[in-house]
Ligand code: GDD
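Let's start with one chain on its own, the form predicted on its own, as structure tokens.
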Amino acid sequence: MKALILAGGMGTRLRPLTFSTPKPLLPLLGRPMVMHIIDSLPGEVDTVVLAVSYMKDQLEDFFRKNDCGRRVVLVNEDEPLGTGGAIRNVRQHLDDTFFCFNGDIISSLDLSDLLSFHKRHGGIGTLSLWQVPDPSAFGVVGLDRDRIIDFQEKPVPGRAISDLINAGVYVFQPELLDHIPPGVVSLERQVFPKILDKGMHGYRFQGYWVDCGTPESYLRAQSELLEHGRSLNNAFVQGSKVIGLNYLDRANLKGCVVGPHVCALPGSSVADGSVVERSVLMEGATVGKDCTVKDCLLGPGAKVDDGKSVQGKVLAYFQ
């Protein structure tokens, strides 16, 4: 079985980190974002197809050096094709039922259960669905029991047909490819509404779901993973206080307060008198003395100078 990951975006909302690293390789608790998807795949998936474009060379280099236990195929888009166009562009690899993922989704979705649901209900596709209090920023789905009867893209507040949104994880039959025209195509806007009569079903799940394409949602994804058992404390702690759940991997903490929900990767450090909360310190990032760092993403080698307070920032090494 194949799994397709749509990973061609430029990650503009996570700049400047994505100036030097493609979004699929940004670390979430020390593991590239794309690997959280690959790790969650059920055993019957033997091939992962990545639809890529931006920084394809870095992605190729990563998968050449790292064995993820499955065959990995990267297919390039010479120009952005939209979600539907990206699927059509890899059609030569999709000859049977396949999973499809938006590349920045982190969730508790049970993929084996999703696949079983799809097989029981039949039809051309099954969409994972997530309930939200305000669906106005999302693609909204109308259901009749489990069958999808309507789509509504980013409705005006208060006018949504339901509170269930497209969670960006699908199971499709290869027949879907017959309904995607050439060129730039939106799966959500141009394809889904036209194939309702082919049998589209919605699978609702509980737990957590994060579209981690912004700094705020990236940090929220980290918090969810920590709250669901991904914490680690393997830091060099010298007179420091560590609060709550964190992922501390060979970081140097000296006379500081760290946590909750902090990820500090190898070679990062926090100096005397500093406080770090709900933040990411990538490899080699440093926080000087008497600093306050909250809700921040510090890229590899980024530095917060002594006495500085930063909140809600994304800092790359060249800043």
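Not measured: the values here are computed from a predicted model. Numbers for residues come from their place in the sequence shown, where the first is 1.
FYI, the form predicted in complex with the ligand isn't displayed, but the following is about it.
Only one of 222-230, 239-247, 82-90, 115-123 places residue heavy atoms within 4.5 angstroms of the ligand in the model of the complex, namely 82-90.
In terms of contact with the ligand in the model of the complex, the residue from 216, 188, 163, 146 that brings a heavy atom within 4.5 Å is 188. Remark: residue 109 does not count among the residues lining the ligand in the model of the complex, judged by a heavy atom distance of 4.5 Å or less. Among residues of the shown chain, residue 303 is not one whose heavy atoms approach the ligand to within 4.5 Å in the model of the complex. In the model of the complex, none of the heavy atoms of residue 173 sits within 4.5 Å of a heavy atom of the ligand. With a 4.5 Å cutoff on heavy atoms, residue 209 counts as touching the ligand in the model of the complex. Shown here without its partner, the chain carries 235, 266 and 294, none of which come within 4.5 Å of the ligand in the model of the complex through any heavy atom. Looking at 96-122, the residues that come within 4.5 Å of the ligand in the model of the complex, counting any heavy atom, are 102, 103, 104, 105.
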